[in-house]
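Below you'll find only one chain, the form predicted alone, shown as structure tokens.
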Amino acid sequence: MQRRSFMAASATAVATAASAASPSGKIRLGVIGGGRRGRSNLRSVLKLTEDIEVVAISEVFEPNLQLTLEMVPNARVYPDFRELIEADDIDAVLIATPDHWHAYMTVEACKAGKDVYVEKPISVTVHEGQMMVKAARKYDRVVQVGTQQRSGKHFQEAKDIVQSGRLGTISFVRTWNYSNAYPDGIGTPPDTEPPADLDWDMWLGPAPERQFNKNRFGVNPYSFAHFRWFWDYAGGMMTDWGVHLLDIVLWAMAEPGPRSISTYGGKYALIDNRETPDTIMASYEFPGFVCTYENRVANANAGGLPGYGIQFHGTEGTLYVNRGYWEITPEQRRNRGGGAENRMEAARGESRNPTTDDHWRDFVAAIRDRSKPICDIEIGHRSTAMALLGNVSMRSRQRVDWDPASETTNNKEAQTYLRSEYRPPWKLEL
């Protein structure tokens, strides 16, 4: 693999550990990916200095590397993340790269005896997620997925409300993200040569070889990177934000996954070079209820509600939850006097804890106890797979009948989207 000169210059600084355990008892963390989400995670990590020491960083884009080193100036720089993974004096890794790298890095880290905190979505295909679960189990590793809403106390309360039966029989669950970026969206920059301070070939890694494009790379000072809107690296809003919402649905409704998926959508309004839809509607059928995910980025009207959230619609009332609060709106029924009365009490709960901070505390506790974290890799895989299957249905233009136990479908068109080939020399193997 070709390396940029700025990376090669730091190669001699990489040290080999003298011992397999930290003398201080702290978890020695290596960070792979120093972009906006990576640094956001680091802010939570740096609140846990009694438990974690950040000892290493690997990043292919020099400006991101420098921003990360400002936060952890004593961390060693590894030009090649594979050397970081193999280092004996690193106990765990944070993987906060573009999505198409998550599976390979997680599997390799597990093989090297590292525990892993990997950002969501965990993969770009269902097969990758299956391999990640197998690696964690085979090598007995703790793998926490960054669906940090599970560590939110008010999300836990919402889950308990659903499972308590207070809402009655729940036959419909709705999730959504709405915004308006019309007409230009992310724009349409031309393909160019990559900047000198980026190792574009390493950034692409197992993804197909492509000419550099500012949006494919996507680093933007005003938003999260735009790689999310290209099929080679991610799955659009369906997997980027939908996975957070659908994760809570699976948790609260105690389901491993849908039985069938039907999705419609496309790029109808925006004039930019993204590949993923600007409008999408996914319908998921479960035993006893239907769940939908809606996303549109050319109209932000949410009917008086915030621009994203989850609604559990029960016979007695509706529970709405987002990252700020949960709220119950009772259903009404006619009384004998001809008036209306509520079927249940209205209620509201506010967000009361920093979810990413507590998600990292949970990861630390799981490492210490050698237990499964609150969003173990198998949980994260199921939530990611649900989002991915929404895209699979849309792209194959087929209803997908799904067996969540065996994670298989007999739909031939859909099967072609369940896995992808890696660009040589990269191989995903246990």
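Throughout, we count residues from 1 along the sequence that is shown. Keep in mind it's a predicted model, so treat the numbers as computed, not measured.
From this point on, the text means the form predicted together with a small molecule, which you will not see here.
Not displayed here, the small molecule is approached by Phe224 to within 4.5 Å at the level of heavy atoms in the predicted bound form. The closest non-hydrogen atom of Gly242 lies beyond 4.5 Å of the small molecule in the predicted bound form.
For Thr97, a non-hydrogen atom is located within 4.5 Å of the small molecule in the predicted bound form, even though that partner is not displayed. Among residues of the shown chain, Phe217 is one whose heavy atoms approach the small molecule to within 4.5 Å in the predicted bound form. A single residue from the set Val72, Ile186, Met202, Ile170 has any heavy atom within 4.5 angstroms of the small molecule in the predicted bound form; that residue is Met202.
Checked against the small molecule in the predicted bound form, the candidates Arg137, Arg259, Arg210, Arg323 yield a single residue with a heavy atom inside 4.5 Å, and that residue is Arg323. When contacts are defined as a non-hydrogen atom within 4.5 Å, none of Tyr293, Gly390 and Arg395 contacts the small molecule in the predicted bound form. Segments offered: 309-317, 85-93, 117-125, 178-186. Contacting the small molecule in the predicted bound form at heavy atom distances within 4.5 Å is 117-125.
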